[in-house]
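Encoded as structure tokens, the following chain is the form predicted on its own, with no partner shown.
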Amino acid sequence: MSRKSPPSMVWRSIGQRLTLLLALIAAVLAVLSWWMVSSFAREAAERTQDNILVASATTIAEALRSEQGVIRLELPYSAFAMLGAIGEDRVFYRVAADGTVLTGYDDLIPPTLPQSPSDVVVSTLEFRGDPVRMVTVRRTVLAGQQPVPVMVSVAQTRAGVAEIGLGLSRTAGLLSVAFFALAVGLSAFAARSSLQPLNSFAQAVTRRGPSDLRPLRRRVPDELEPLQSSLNRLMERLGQSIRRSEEFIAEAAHRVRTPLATVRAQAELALHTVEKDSEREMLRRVIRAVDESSRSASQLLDHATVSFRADALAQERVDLGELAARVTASLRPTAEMKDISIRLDTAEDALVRGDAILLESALRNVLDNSVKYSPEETEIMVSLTRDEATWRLMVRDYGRGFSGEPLPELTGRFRRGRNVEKIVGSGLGLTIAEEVLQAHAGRLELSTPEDGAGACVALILPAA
């Protein structure tokens, strides 16, 4: 059984991840540079001390002389003045001729002696509880006719060198911290700059409308080329799927409505030929069931059509007056069967931009509801007025009204009022109308007339 990673382990930002990785690299480089600078600083300080110790020991050795076969030495001031440049460290020295200490500290014994006058021995040792750095040089002095080897040793404590090394190490540390802070800032900038093509690519996709399935043709880095190719293939498959769905809806509408209309016609013919009341009642139930099925199927297909066409909304100029006249004329025969008159009051050049098929479907559903729920020998008024920057297409009837229910809830899918009784309906008419108007940046407005009779439904659309 596979285990999912905890949410805390998921990187939600490539930029943060890239910045962190670059910051870690900068931290490693900063520590490495601090260690290298500190090491070089300590080594340079030690070399400086060694050179001064060698110079001091050499100066002392050069002051050696022989008088009447006796080796004498006057310690030069300059030999110890040079050592004072290192710091406040203590200085020790020892001059021994052929194993005999001429001057200095008897217990300052070098661990290794130079073998020739040109040799210099440098060593580190403990002397009187402190670590010291010691240099020993060899000189040969003639005492009478006898050459005598003289060993000159000069030592100095290491506190000054350590202090110099520590100071340089601190300076290197501060520089490393400054380098790290600068590197983090540059890493964040580099991460944002590196991800800018990806952000631009995402914005280009976001700016597209839901119906824009054209292939992307952008100059992108090589790393984004597979993503662009994959998106293009996905949009191509999606476009094919949408076209097949639209074709299926159109074909289904034709194949569902035609058989149901045939069944209804045959049932009506049979209703006029049978004589038994039971058979007539049965045929009436068949006709009612066919009407419900036909209406439900028709509105379901209309709703699906609205959903598909709203994603690819046409932007043609539509005259609401002509559209209202056309829809009213198509529903007038149905209204006349109930002795309902439809009065049309429209304005000229009531232009809007949108999909004429969807707008006609919205008005047809609203007007069909008015015809269906209005009692016989009543009137339905369809009026078109201009309200600032919008057109208001109002349908007012004298039917059952909205039964006191919250009006916004009546536009929900399959939602019908409590006063519909046995009237055939699917609860999709107002839903279709509202979705069409929302797709056109308009709105559907439901209201009860001031006299309390019937219902008012307004289709409000921006003027072209």
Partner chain sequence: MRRVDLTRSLSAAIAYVLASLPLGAFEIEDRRQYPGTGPDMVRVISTADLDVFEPFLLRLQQEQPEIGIDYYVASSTEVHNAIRSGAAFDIAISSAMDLQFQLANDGYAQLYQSDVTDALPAWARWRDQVFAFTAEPAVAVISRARFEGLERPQTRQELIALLRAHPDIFDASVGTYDIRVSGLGYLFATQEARNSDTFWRLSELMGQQRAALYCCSAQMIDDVASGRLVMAYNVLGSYAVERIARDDRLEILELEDYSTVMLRTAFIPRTATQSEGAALFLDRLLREGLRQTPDAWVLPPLGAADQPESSTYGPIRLGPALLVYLDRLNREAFLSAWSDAMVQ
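Positions refer to the first chain, counted from 1. Fair warning: this is a prediction, and the values are worked out from it, not measured in the lab.
This protein has a second form, the form predicted together with the partner chain, left out of what is shown; the following refers to that one.
> in the model of the complex, which of the stretches 110 to 118, 126 to 134, 220 to 228, 278 to 286 has residues with heavy atoms within 4.5 Å of the partner chain?
Replying inline: Selected range: 126 to 134.
> Though the partner chain is not shown, can you say which of M381, I242, V91, L213 has a heavy atom within 4.5 Å of it in the model of the complex?
Replying inline: Filtering the options by heavy-atom distance leaves V91.
> From the list A356, V148, L75, A162, which entry has a heavy atom within 4.5 Å of the partner chain in the model of the complex?
Replying inline: Checking each option against the partner chain in the model of the complex, the one that comes within 4.5 Å is L75.
> in the model of the complex, do S341, N365 and A453 all put a heavy atom within 4.5 Å of the partner chain?
Replying inline: Not one of the three qualifies.
> Contact between T103 and the partner chain in the model of the complex at 4.5 Å, heavy atoms?
Replying inline: Yes, T103 is a contact residue.
>> Given that the partner chain is not shown alongside this chain, does V290 nevertheless sit within 4.5 Å of it in the model of the complex, heavy atom to heavy atom?
In response: V290 lies outside the contact set for the partner chain.
> Though only this chain appears here, would S361 touch the partner chain in the model of the complex if you measure heavy atom gaps against 4.5 Å?
Replying inline: So S361 does not count as contacting the partner chain.
> Would F80 count as a contact of the partner chain in the model of the complex, using a 4.5 angstroms cut-off between non-hydrogen atoms?
Replying inline: Yes, F80 lies within 4.5 Å of the partner chain in the model of the complex.
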